[in-house]
Ligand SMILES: C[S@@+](CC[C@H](N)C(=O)[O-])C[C@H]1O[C@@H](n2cnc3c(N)ncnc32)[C@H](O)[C@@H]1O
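Only one chain is shown below, in structure tokens, and it's the form predicted on its own.
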Amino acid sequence: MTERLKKLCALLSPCEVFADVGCDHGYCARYMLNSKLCKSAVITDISASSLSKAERLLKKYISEGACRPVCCDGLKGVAEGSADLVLIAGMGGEEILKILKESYIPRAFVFQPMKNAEQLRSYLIANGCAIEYDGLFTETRGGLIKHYFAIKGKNSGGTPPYSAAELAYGRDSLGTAELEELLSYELSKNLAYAEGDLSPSSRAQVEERIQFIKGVLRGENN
């Protein structure tokens, strides 16, 4: 299991039925079952070949009836209310949004968007979700540090309004060394863009982004 998945699994809470949507190899479901954090699991993937990898990994649990594999698009093979906790990880925020809009927001969830996390946050808040954790973690791979956002919550209860910085980077990320590192990287990248041959509108957008990042680093917009 990768460092990313280990840190993601640490966010998973005990439940009766756990669903891993887009499960890939099935490592998170195996963690939940091995750790007895759930009584049963549902694993889904839109790709039959990807699902077959998870089926091989979880063959023992499937044969015992403790794990149910479903080849489907998103949550379409998981009836609403049938899983107490749903994990959707390793895909873009826009893909997670598409899944939720085409089906439902799970009772309890952990989402790990690879990009466009701000759009996902906005949607969850607008739909009355209670966000319990919205932070950032890192993984070192091949000598490079990768940054990942994780959002944990429930589909009801509501969340206090987010500031611009919280929407962009997650409420629990602010003030952390991980976010400072990510912001420093984003700032240097945008400063490099600003040195290029840009149209007036593109330059204005880049300059606005630079000022926003600097503001978050100074603790503004929070």
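Since the model is a prediction, treat every value here as computed from it, not as a measurement. Numbering starts at 1 and follows the sequence shown.
As for the form predicted in complex with this ligand, it is not shown, yet the points below apply to it.
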Check 22, 25 and 74: does every one of them have a heavy atom within 4.5 Å of this ligand in the predicted complex?
yes
Using heavy atoms only and a 4.5 Å cut-off, determine which of 110, 99, 78, 131 is in contact with this ligand in the predicted complex.
99
Let me know the one among 50, 176, 184, 163 whose heavy atoms come within 4.5 Å of this ligand in the predicted complex, would you?
50
Can residue 66 be called a contact residue for this ligand in the predicted complex at 4.5 Å between heavy atoms?
no
Please run the contact check for residue 93 against this ligand in the predicted complex: heavy atoms, 4.5 angstroms, yes or no?
no
For residue 37, is any heavy atom within 4.5 Å of this ligand in the predicted complex, or not?
no
In the predicted complex, does residue 194 have a heavy atom within 4.5 Å of this ligand?
no
Looking at 163-171, 41-49, 149-157, 176-184, which lies within 4.5 angstroms of this ligand in the predicted complex, counting heavy atoms?
41-49
